[in-house]
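In the block that follows, a single chain appears as structure tokens, in the form predicted on its own.
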């Protein structure tokens, strides 16, 4: 059995080896010839007759040359040495959810561990948003990812900067499982600043790409990979998006694939959230807390919401952090928009020494967070946030 799968793996690597033959043409070959094996052994004339695209026809000879066993075994060995595995529809470990979406990838390269729970209904959320989120977007992405991952929900995102990276890191920090879908070669880290995150996910999560080693990032590949993010997910949560944000490409794929779309509301007229608010106006699920999403996923699984209610009651009955009258007054000045310490002093009437001392204690208690030197936001989401 292993020998048979090895032979098919080599065939799959061949099928994926010619980038000039696009998905549409490869789908046509598979539909007409019926199997990976039939495509591999097809004569040049048969391939030419099936491919209408002139660019594809020009590279048929080169594609056939790549059937060379030594070439394919060398390619396979390189992947193995990198710790990269492959999967494709004819293998049992190919993600079943992707088989139900339009234009599924023929071959996936993977580092890390692909969990069976990704195939289960109601267990996975895709998280997308701005690559340059503001403080509100960063805090919301981190909070939702931690809470969802802490409840056993798999987090899928694109391993890009901004909301993607925050979502992955937060899921890992909560002891959860997360999957990064790349828009470049499986061994290419983009942006490079995510190299540590990439390595952590290769150990504690999974990294997936439909592109083989060393393929450099190109702008058109990122929208294409978004169909995989939504395809692996039961729903997609949009945290922060402008009117024409690339994140909306993923939510559009989600709708086409009959996935739920969630959005976190933001203030009206904030252009950084115009796309997010428009999603809600168009019928997206308005998620004001992680529990909204968790309960919706439980309904997908056909589970009772009683567990969620019990968890909520346990959370409510947990010991509350004691807050002094002085701290309450400082908290009344803060929300998720950074407030400078001088403004806190002006609003509370406390002296600088008293304010600095209180803020230090409040940081230790997890009530406030200093996002940059001298700038503070409220940190305890469970207390709610009031905007002034």
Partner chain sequence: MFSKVKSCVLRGIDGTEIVVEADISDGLPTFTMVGYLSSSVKEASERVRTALKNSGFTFPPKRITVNLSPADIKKDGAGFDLPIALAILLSSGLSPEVSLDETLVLGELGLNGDLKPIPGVLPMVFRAAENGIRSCIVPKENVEEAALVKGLSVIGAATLNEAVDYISGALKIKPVQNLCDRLYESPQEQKIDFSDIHGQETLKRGMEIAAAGFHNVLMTGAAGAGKSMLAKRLPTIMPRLSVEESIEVTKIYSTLGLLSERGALVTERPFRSPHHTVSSFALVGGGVNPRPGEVSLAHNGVLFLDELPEFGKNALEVLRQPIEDRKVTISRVNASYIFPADFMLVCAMNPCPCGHFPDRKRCRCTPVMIKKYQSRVSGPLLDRIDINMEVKPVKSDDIFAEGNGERSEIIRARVEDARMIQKRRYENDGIFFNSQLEGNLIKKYIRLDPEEEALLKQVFTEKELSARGTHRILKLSRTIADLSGSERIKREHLMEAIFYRNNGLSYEEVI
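Numbering follows the first chain given and starts at 1. Predicted, not measured: the structure shown is a model, and the values here were computed from it. For clarity, a rigid core is taken as the largest C-alpha set superposing within 1.5 Å between two forms.
We do not show the form predicted in complex with its partner chain, though everything after this point is about it.
Enquirer: Quick one: which of 65-73, 324-332, 52-60, 338-346 gets within 4.5 Å of its partner chain in the predicted complex, going by heavy atoms?
Expert: Among the candidates, contact is made by 338-346.
Enquirer: Closest heavy atom of residue 360 to its partner chain in the predicted complex, within 4.5 Å or not?
Expert: Although its partner chain is absent here, residue 360 would touch it in the predicted complex, with heavy atoms inside 4.5 Å.
Enquirer: Report yes if any heavy atom of residue 370 sits within 4.5 Å of a heavy atom of its partner chain in the predicted complex; otherwise report no.
Expert: Within the cut-off, so yes.
Enquirer: Does any heavy atom of residue 196 come within 4.5 Å of a heavy atom of its partner chain in the predicted complex?
Expert: Contact check for residue 196: yes, within 4.5 Å of its partner chain in the predicted complex.
Enquirer: Is residue 132 part of the interface with its partner chain in the predicted complex - any heavy atom within 4.5 Å?
Expert: Close contact exists here: in the predicted complex, residue 132 approaches its partner chain to within 4.5 Å, heavy atoms only.
Enquirer: Are all three residues 356, 364 and 375 in contact with its partner chain in the predicted complex, where contact means a non-hydrogen atom within 4.5 Å?
Expert: The answer is yes: all three residues contact the partner (heavy atom, 4.5 Å cut-off).
Enquirer: Of the options 162, 95, 183, 231, which one has a non-hydrogen atom that comes within 4.5 Å of its partner chain in the predicted complex?
Expert: Filtering the options by heavy-atom distance leaves 162.
Enquirer: Which residue among 225, 146, 259, 138 has a heavy atom within 4.5 angstroms of its partner chain in the predicted complex?
Expert: If I apply the 4.5 Å criterion carefully, the residue I get is 138.
Enquirer: Hey, which residues along 169-185 are within 4.5 angstroms of its partner chain in the predicted complex, non-hydrogen atoms only?
Expert: Read in sequence order, the lone residue that approaches its partner chain (within 4.5 Å, in the predicted complex) is 169.
Enquirer: Determine whether the C-alpha of residue 359 shifts by 2 Å or more between the shown form and the other one once the rigid core is superposed.
Expert: Yes, the C-alpha moves 2 Å or more.
Enquirer: Please say whether, between the shown form and the other one, the C-alpha of residue 63 moves by 2 Å or more once the core is aligned.
Expert: No, the C-alpha moves less than 2 Å.
Enquirer: My question is whether residue 42 is one of the residues whose C-alpha shifts by 2 Å or more between the shown form and the other one, given a fit on the rigid core.
Expert: No.
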